[in-house]
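Below, in structure tokens: the form predicted on its own, a single chain.
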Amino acid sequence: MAKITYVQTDGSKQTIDAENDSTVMETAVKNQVAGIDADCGGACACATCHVYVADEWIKITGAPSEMEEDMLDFAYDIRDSSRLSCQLKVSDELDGLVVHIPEQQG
């Protein structure tokens, strides 16, 4: 189990215990984290679960796949740290992960 911290644009934080093998998006939806819409339910077919991975976690989470990069084209305010939270699989290695939620979803 890993603790994931979701940071809103106003700086408020919500830290949640996430089950291994779930995704950062599933954990957000299950715990009603504001700003994670997840319209496609985690199929990597929209960009409504877009997050910014905190700088210190970028190497650990890795780069987006080609399919994820294609979907990120539809997201709002893309940055180098942009990821779709449906593509971030929870593991012990992600314990302490911090993601920032954009001002709006794509």
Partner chain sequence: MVAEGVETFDPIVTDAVIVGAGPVGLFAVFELGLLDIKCCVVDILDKPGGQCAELYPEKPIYDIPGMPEITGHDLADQLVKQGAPFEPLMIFGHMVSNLERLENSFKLTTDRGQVINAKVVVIAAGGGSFQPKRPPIPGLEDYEDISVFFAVRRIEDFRDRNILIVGGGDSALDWSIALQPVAKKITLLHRRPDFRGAPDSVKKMRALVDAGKIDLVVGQVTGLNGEDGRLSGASIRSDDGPPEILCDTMLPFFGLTMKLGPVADWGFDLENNRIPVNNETFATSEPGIFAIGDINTYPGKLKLILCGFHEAALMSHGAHHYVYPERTIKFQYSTTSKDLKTKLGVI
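This structure is a prediction, so every number in the text was calculated from the model and none was measured. Numbering follows the first chain given and starts at 1.
Not pictured, yet referred to below: the form predicted in complex with the partner chain.
For the residues Ile78, Ala34, Ile60, Ala54, the 4.5 Å heavy atom test against the partner chain in the predicted complex is passed only by Ile78. Relative to the partner chain in the predicted complex, residues Cys40, Ala47 and Glu69 are all within 4.5 Å by at least one heavy atom.
Although the partner is absent from this view, Thr5 stays clear of the partner chain in the predicted complex, with no non-hydrogen atom inside 4.5 angstroms.
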